[in-house]
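The chain that follows stands alone, in the form predicted alone, written as structure tokens.
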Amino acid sequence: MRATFAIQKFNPEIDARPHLEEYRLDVAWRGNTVLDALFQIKHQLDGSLTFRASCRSAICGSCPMVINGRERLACQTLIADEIDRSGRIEVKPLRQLRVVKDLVVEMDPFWSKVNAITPWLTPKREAAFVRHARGEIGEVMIPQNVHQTFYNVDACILCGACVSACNSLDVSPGFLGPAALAKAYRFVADPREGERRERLERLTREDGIWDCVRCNFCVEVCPKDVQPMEAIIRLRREAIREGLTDHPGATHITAFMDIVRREGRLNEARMPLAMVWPNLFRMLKILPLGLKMFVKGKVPSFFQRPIKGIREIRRLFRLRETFK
């Protein structure tokens, strides 16, 4: 079967900007992957075509690319599926990272963010090792069910697909990114971790867990179902449980929950005040907006009464506290 491949080419030594180049290729229709086609193009049509690949088994994470507008592993993407869906195959390098040549991107910024979250265990001294009766020091085993609390984040192959798809990185290049934060959760969730609170304190700073806009793209493109956004949400919950609520994102959540607990619904007159209290300067800053909302009838009564059934709602909150 003959198929058309439009591949982004860019050689910084001779090209002013990236451009698409088309290749017509006879390929085996069923079972062959985009990576198979790239090797065929390199061997038969264009020896200068540059891309990364290794295991060909969706394990090493070397071959993530933007295929027909979506981040995928080239070794995992079937040609037939893409032709059926789009009629042709367009391949570009990952976004958010500098292109070195053709489909190869500079991964150093990606690795620097992974390193920034301290990607290793810092065990509690008393829990890291156990001294046996004979004086030998052995490794502490953790129960098998502990791995369930990782929610598959340890399956990450660090391919960078989620980073390429991340909306937050578009506007905030310093954001740690979904891959690094998902890996951070793996250590926060480990019962042997001795610096859990210290980790959470670092992650709640600028460019950390509260910079995620929850677009869900990282979840959609992850080839290993790691669900990085869900890991970030779990990190937020753990930070709040530790009392790390100074960030506006944490303040919003705690204020929202408190108002619903008291009234059974969100009171949009109280919410902005709860966010800025007791900062007088910030209160004065939102006053004009509050007046406009009031004039247009968008502000509910500040003194509205709790809804019917408020006792049941409060009971749900108490149950939630019990099962934390």
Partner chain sequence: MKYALFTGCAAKGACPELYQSAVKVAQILGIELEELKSAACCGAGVMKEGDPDLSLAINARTFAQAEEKGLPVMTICGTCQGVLSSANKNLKEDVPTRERINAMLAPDGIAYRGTTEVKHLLWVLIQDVGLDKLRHAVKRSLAGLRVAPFYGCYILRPSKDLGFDDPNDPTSLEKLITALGGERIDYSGRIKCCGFPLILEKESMALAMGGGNTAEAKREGADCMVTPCPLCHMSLDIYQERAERQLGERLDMPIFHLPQLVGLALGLSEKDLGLSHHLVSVDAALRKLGPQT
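Bear in mind the structure is a predicted one, so any value in this text is a computation, not a measurement. Basically, rigid core = biggest C-alpha set you can superpose within 1.5 Å across the two forms. Residue numbers count along the first chain shown, from 1.
What follows is about the form predicted in complex with the partner chain, which we do not show.
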Within 4.5 Å, heavy atoms only, one stretch in 98-106, 113-121, 183-191, 228-236 touches the partner chain in the predicted bound form. Which?
228-236
I need to confirm a contact call. Of M257, I59, A28, M283, which residue comes within 4.5 Å of the partner chain in the predicted bound form, counting heavy atoms only?
M257
Kindly confirm or deny that R17, R199 and K224 each have some heavy atom within 4.5 angstroms of the partner chain in the predicted bound form.
no
Taking 4.5 angstroms as the cut-off for heavy atoms, does E220 touch the partner chain in the predicted bound form?
yes
Taking heavy atoms only, is E90 within 4.5 angstroms of the partner chain in the predicted bound form?
no
The partner chain contact at S172 in the predicted bound form, heavy atom, 4.5 Å
yes
According to a 4.5 angstroms non-hydrogen atom cut-off, is C55 in contact with the partner chain in the predicted bound form?
no
Determine the residues of 68-106 with a heavy atom within 4.5 Å of the partner chain in the predicted bound form and present them in sequence order; the list may be empty.
R70, R72, R85
Once you line up the core, how about I59: does its CA shift reach 2 Å between the shown form and the other one?
no
After superposing the rigid core, is the C-alpha displacement of E22 2 Å or more between the shown form and the other one?
no
